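As structure tokens, one chain now follows by itself in the form predicted alone.
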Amino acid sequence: MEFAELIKTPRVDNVVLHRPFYPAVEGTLCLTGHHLILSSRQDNTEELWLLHSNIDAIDKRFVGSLGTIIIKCKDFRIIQLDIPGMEECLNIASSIEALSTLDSITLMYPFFYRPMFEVTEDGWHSFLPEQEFELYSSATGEWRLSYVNKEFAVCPSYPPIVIVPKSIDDEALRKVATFRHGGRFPVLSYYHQKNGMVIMRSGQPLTGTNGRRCKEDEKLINATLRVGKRGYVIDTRSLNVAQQARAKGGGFEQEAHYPQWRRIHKSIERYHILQESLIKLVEACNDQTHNMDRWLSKLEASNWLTHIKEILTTACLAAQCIDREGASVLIHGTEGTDSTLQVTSLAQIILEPRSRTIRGFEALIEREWLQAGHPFQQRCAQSAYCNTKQKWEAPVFLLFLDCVWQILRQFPCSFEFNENFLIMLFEHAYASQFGTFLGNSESERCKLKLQQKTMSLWSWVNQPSELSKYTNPLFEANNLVIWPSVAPQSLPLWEGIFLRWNRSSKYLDEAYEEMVNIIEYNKELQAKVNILRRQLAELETEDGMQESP
């Protein structure tokens, strides 16, 4: 298919653009295969370049021959275009609708994008499972790399290489895979070097109503326990939901077959409930007519902060089991690709200082989200404005990023990255020139040949010129476990995401600049103090030598 077939009117003059925080500007609107571009001849006017894949929904209205298109973006921005001529307006609208809903992944921009920067690091090879395993293997010999999923035959949503207990062979793993939802047998997610406890993750066991069991599964998860120690299974579903899953062939670990494991049920919502929550929240944020009471009531009705609290509470529970109880943990929900990953990755941020650095956090996203099979293509296909109800969309990754922001806000000196880093990841998960978040699993990414045909987000982000934008000036390495508060008053709305197009961040930006200047000035003064101390020490030494006979 040629993009030209979808572009009925490639260019229109005298279009007026209205967008947040900029004055209205008149210019020429151009449509390309992947971008909507508006450029003006006015001096000091920034061009608008908008990826079609960032467009969530459009509305049209007409007054006489003047047409208006309102573009609602996946990053929650709303843009208005006033287009002279009804026919041009209708043509532009239908072209945008067609170009923003392309079915084929290979027609998306990452397959056409060519970097304008010098590529010094191949992000596709920055965080390989073998490298991650080396970090653990120096501390313990109880685990091994398994290549049982080399052709994605055992589990289509797992990567080709996984870390499993050394005492369990590949044949046993194949049997366990038939007993776990989607073939997702328990694999290592995190090894706590302080006490050797681990977090594992999997899909639900397929016990069904008959109480089916699998000896290999029991042996596998028991292999993670120390002698005389108990473990915890954290099921991210309520007991009621887990029991309903049994009737459909799923289920949970029976105490009779897993006597050394205590099961705890939490209640993290899924799919359409999360999507509806996001839609309600963004709608409330965009309505400027509310008084304070009505705004707070709509914020509460969205339940967004309730979801944040539930996810963080479960992650804290997992971290507590590891660090304070000295017990290993197995985490799963139904598929093990959504709430499971939220909990395993947040528990690591709480427990593991490396996950709070820029590269450590990138490795975490690569390992616990991309390689672990979170279906980004399905979950991020639409955002808060789309009218068509799809089954698979859900802001699972955005909720995770929001939880990370909540912890960052409570521990502002413990993270090497800043809020802008999290916002950038949100934007690229929904619309990007890079191939990192395309596809639903490693298997799909291999079939699409993303490593050969697209650029990795990490290749761009890890350039020194880009990293400086995302580095937290307050960072001081903290090797301790950090325990976030989940009290309602400790969990505010993330304004940097949800209110950034509604209210200017000018004063916050100025305050941030001032803070950076103070930190730099403090460093300069500290350097001078160190020089003066050295000079004083030298003078005292000289005096001492002169006084001695």
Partner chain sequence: MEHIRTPKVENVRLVDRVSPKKAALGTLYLTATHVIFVENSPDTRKETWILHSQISTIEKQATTATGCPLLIRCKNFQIIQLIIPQERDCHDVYVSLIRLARPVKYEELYCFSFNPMLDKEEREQGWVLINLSEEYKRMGLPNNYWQLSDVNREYRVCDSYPTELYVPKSATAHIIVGSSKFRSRRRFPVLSYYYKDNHASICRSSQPLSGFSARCLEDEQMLQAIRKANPGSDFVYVVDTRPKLNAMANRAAGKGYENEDNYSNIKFQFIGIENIHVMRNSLQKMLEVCELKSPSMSDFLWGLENSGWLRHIKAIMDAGIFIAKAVSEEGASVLVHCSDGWDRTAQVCSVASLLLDPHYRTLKGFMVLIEKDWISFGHKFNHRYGNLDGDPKEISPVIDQFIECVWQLMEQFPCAFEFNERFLIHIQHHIYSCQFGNFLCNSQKERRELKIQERTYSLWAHLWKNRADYLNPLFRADHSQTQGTLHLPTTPCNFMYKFWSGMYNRFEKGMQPRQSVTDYLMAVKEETQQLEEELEALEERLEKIQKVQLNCTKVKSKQSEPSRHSGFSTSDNSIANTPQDYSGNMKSFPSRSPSQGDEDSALILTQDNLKSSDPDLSANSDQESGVEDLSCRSPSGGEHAPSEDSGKDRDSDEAVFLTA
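Small disclaimer: the values here were computed from a predicted structure and weren't measured. Numbering follows the first chain given and starts at 1. For clarity, a rigid core is taken as the largest C-alpha set superposing within 1.5 Å between two forms.
Heads up, the form predicted together with the partner chain isn't pictured, but that's what we're talking about next.
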*Determine whether any heavy atom of Arg367 comes within 4.5 Å of a heavy atom of the partner chain in the predicted complex, and answer yes or no.*
no
*Given that the partner is absent here, does Ala24 sit within 4.5 Å of the partner chain in the predicted complex, heavy atoms only?*
no
*asked:* Taking the partner chain as it sits in the predicted complex, is Ile70 in contact with it (heavy atom to heavy atom, 4.5 Å or less)?
replied: no
*asked:* Would you classify Leu296 as touching the partner chain in the predicted complex, given a 4.5 Å non-hydrogen atom cut-off?
replied: yes
_Whether Gln80, Leu90 and Glu283 all lie within 4.5 angstroms of the partner chain in the predicted complex by heavy atom_ = no
*Sole residue of Met424, Ala381, Leu128, Cys316 within 4.5 Å of the partner chain in the predicted complex, by heavy atom*: Cys316
*Considering the partner chain in the predicted complex, which of Met292, Val119, Ala256, Ile273 comes within 4.5 Å of it through any heavy atom?*
Met292
*From the candidate stretches 110 to 118, 169 to 177, 152 to 160, 306 to 314, select the single one in contact with the partner chain in the predicted complex, where contact means a heavy atom within 4.5 Å.*
306 to 314
*Could you list which residues of 478 to 500 come within 4.5 Å of the partner chain in the predicted complex, counting heavy atoms only?*
Asn478, Leu480, Val481, Ile482, Trp483, Pro484, Ser485, Val486, Ala487, Pro488, Gln489, Ser490, Leu491, Glu495, Leu499
*Cα displacement of Ser504 between the shown form and the other one reaching 2 Å, rigid core superposed*: no
_Please state whether Ser65 has a C-alpha shift of 2 Å or more between the shown form and the other one, with the rigid core used for the fit._
no
_Residue shift check between the shown form and the other one, rigid core fit, Ile531 Cα at least 2 Å_ = yes
